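Here we start with a single chain on its own, the form predicted alone, put down as structure tokens.
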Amino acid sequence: MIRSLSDISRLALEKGPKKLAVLAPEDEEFMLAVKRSWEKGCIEPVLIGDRDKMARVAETVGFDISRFEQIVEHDRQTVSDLGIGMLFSGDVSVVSKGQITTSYVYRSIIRAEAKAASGMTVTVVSIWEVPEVDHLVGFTDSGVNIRPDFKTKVEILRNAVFLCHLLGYETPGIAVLSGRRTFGEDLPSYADYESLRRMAGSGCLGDCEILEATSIAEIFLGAGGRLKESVNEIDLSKTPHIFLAPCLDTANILAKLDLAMDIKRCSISVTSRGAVCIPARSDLSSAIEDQIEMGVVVADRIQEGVR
């Protein structure tokens, strides 16, 4: 079982190198992350983007990229289409976003999945490593589905459960976030929680467990519980493996709280053909390295046929 990003890093070194298409590594932080990942033996990069920009930042970080395949392309959507196309054709095992707007990448994946007739809904899981928690914690969908309906939430959860299984969590615990009213009709997100819990109980979501709690307070303190002394009394062993947010805004806001906390974050989209790393354009090279290594390990386990 993978419990930390250190576990991911160790496995990436064992399972690499994997061929990685990098979309527009035209920034020093992204190019530095590619350089370090290659030096560690995790990846064999294919660089797609503006030749002059890639050459300039490579020189700045002291990386000789002349030995690697380079595909020169300036149009942002075409850069993304080329990389995702290589993933779906099997030419590469992993794709990583570089200095490119994320919407281009999602559009490429959606088109590729439609062309492949996979039926897979494109989603993103943002994963936290929390120092006091003995497993990784994910938030979904933090990237694609703005206001998912019930059917889409089912697919979001199936993807998240699949990712958890790839990471070695046989029966991940899931919190479906919502609010509970004491009078009037239930919120739509609460009705979805009840339906999803029934589905999970019948095995329709894969091996997983949906917790009997829809708020952070209920998860850690129980129904009606109160914090008596300090946050130190919270039992973090109750932290779910996955938080399903009612909408993209909520998931994205929660996932990005790592910027103000002692927490590391990786964001990844697991497609029907492999892993796509989704670093933020503001991430530093060390965080981008973590996400590339996560992509390498996930790609390896998909190739092994882990379900």
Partner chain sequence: MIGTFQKMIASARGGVRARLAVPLPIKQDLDLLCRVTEEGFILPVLIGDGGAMESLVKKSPLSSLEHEIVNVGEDPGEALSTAITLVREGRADILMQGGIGQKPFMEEVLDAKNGLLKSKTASYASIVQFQRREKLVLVTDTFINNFPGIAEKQIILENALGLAGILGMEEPKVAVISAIEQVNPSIPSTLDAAALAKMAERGQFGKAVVDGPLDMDCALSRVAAARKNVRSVVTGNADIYLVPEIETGLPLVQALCFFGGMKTAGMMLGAKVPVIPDVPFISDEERAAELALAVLMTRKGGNHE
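This is a predicted model, so every value here is computed, not measured. Residue numbers count along the first chain shown, from 1.
Beyond the structure shown, there is the form predicted in complex with the partner chain, which is absent from this document and is the topic of what follows.
Comment: 244-252 is the region of 57-65, 244-252, 34-42, 270-278 lying near the partner chain in the predicted bound form, near meaning a non-hydrogen atom within 4.5 Å. In summary, among the residues 158, 111, 180, 76, the only one with a non-hydrogen atom within 4.5 Å of the partner chain in the predicted bound form is 180. If you check the partner chain in the predicted bound form, you find no heavy atom from any of 199, 210 and 291 within 4.5 Å. Although the partner is absent here, residue 220 sits close enough that one of its heavy atoms falls within 4.5 Å of the partner chain in the predicted bound form. Heavy atoms of residue 126 never reach within 4.5 Å of the partner chain in the predicted bound form, leaving it off the interface. A residue is said to contact a partner when one of its heavy atoms sits within 4.5 Å of a partner heavy atom; residue 151 fails this definition for the partner chain in the predicted bound form, lying far away. In the predicted bound form, residue 72 stays away from the partner chain, with no heavy atom inside 4.5 Å. Of all the residues from 254-269, those having a non-hydrogen atom no more than 4.5 Å from the partner chain in the predicted bound form are 254, 256, 257, 259, 260, 261, 262, 263.
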